[in-house]
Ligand code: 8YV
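Just one chain is shown here, as structure tokens, and it is the form predicted on its own.
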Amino acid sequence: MAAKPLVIITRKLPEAVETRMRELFDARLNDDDTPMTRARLMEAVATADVLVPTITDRIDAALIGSAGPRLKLIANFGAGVDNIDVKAATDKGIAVTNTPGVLTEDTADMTMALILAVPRRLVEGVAAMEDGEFKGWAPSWMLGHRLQGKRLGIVGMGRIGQAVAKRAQAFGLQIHYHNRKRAAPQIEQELEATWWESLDQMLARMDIVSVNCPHTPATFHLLSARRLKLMKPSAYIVNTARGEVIDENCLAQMLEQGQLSGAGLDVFENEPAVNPKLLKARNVVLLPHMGSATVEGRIDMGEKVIVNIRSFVDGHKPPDRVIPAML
């Protein structure tokens, strides 16, 4: 690989990150931040030594198959890699890296914000103020539900799930979780968390469910129509992970019919499209995929990408390499 590898970046990144990339690499930036078309992505993988895509770029097997011999690293600007066919890349001798860990606290903060906002009807309250509905305090108006003592079921007890649990503890929520593997006893003890081997059994007993697992083939529609219907009509659901984990059509229908009390969603199954039923619902808080959107988080992501590229160029194993067995 050349002393200064050609690094093509698909979207506009924080200025500090782009400046550092220009110093270290032959970096091609995307100044107008227009998402790359399929044709431009094909041109990029045909000529680059390193591609830096984001979670909205679809790097599938066909695109990887068209890559030129120079492309040896796909350094994803994002923790999730569901936008990349990692196996196809690995089979072609292309390494894939991501940016784990740096978004944990930001995403957990946003998850907790939604856990607060939905049962306490914060967005409905804002709308009432804006619409001139507030006529003074009344004992039976805009009643929500208390968090203390409620059961929170966390789907996916990784870094973010654990960070959510720590925040939820401070609000007096009882912590329950479902994970592929049971957490270490020390973690369970610290979080006072109850493990459910059966996701079905946990969902049926929770007051609030928080989705914090990655999107993989195994978790697509993990919360299927059948599983959603196991939840109590008084329950709430929050998703700051990936929209594909939930059957969104069924969720929207259940909310419309009062089979669930509310939802807080930062991600959607067909982003940027959002189910019209969700947009109309009063008992839903919708956010534009901003769970990790902090200045500090984006800069930390960029620094991770740079470290991964530099390690790879120097002939070392990148610290955040993703291999198919991990998914």
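Start at 1 with the first residue shown and count on from there. No experiment lies behind these values; they were computed from the predicted model shown.
Not pictured, yet referred to below: the form predicted together with ligand 8YV.
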property	result
Ligand 8YV: the contacting residue among 157, 223, 152, 103 in the model of the complex [heavy atom, 4.5 Å]	103
Residue among 67, 278, 287, 55 with a heavy atom within 4.5 Å of ligand 8YV in the model of the complex	55
Ligand 8YV in the model of the complex: contacting segment from 88-96, 119-127, 74-82, 225-233, heavy atom within 4.5 Å	74-82
Heavy atom of residue 59 within 4.5 Å of ligand 8YV in the model of the complex	no
Exercise: residue 263 in contact with ligand 8YV in the model of the complex, heavy atom 4.5 Å	no
Any non-hydrogen atom of residue 301 within 4.5 angstroms of ligand 8YV in the model of the complex	yes
Contact label in the model of the complex: residue 215 to ligand 8YV, heavy atom within 4.5 Å	no
Residues in 240-276 close to ligand 8YV in the model of the complex, defined by a heavy atom within 4.5 Å, in order	242
